[in-house]
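Just the one chain here, laid out as C-alpha cells, in the form predicted alone.
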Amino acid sequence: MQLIINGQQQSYNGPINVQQLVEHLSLQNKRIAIERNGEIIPRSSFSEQLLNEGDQLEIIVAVGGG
C-alpha cells in the first residue's frame, strides 16, 4: 500500500490503521496531530481509522521549549 506522508511516498504491507502507523513511526509517546486528505483525525479514533491506498497524511509533532 502506498501512502504519502508529509510529501514523501512510503510503502506499507497490507492494511494499516493510523495507530499502527504511529507505532511504526515511533511517535506513540509524542504530542502529534494527523491530517488525512485534508481532515484532522482525532487521537481517540486512531485505532479505528483504516488507511487507504494513496491517502495523503500530514503529521505534525508538537515541540516544547522556551
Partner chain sequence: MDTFVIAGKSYSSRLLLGTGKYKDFAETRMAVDASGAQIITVAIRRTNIGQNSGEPNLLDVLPPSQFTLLPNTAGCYTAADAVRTLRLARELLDGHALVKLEVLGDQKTLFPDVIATIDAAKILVKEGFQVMVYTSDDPIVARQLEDIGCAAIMPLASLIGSGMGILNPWNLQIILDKIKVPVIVDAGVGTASDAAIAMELGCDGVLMNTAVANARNPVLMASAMRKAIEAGREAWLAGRMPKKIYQATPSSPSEGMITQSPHSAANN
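Remember, it's a predicted structure, so these values are computed and weren't measured experimentally. Numbering follows the first chain given and starts at 1.
What comes next is about the form predicted together with its partner chain, which does not appear here.
When its partner chain is considered in the model of the complex, M1 lies well away from it, no heavy atom lying within 4.5 Å. Not displayed here, its partner chain is approached by Q10 to within 4.5 Å at the level of heavy atoms in the model of the complex. Looking at P42, you'd find a heavy atom of it within 4.5 angstroms of its partner chain in the model of the complex. A residue is said to contact a partner when one of its heavy atoms sits within 4.5 Å of a partner heavy atom; L25 meets this definition for its partner chain in the model of the complex. Of all the residues from 1-38, those having a non-hydrogen atom no more than 4.5 Å from its partner chain in the model of the complex are I5, N6, G7, Q8, Q10, L25, S26, L27, K30, R31, I32, A33, I34, E35.
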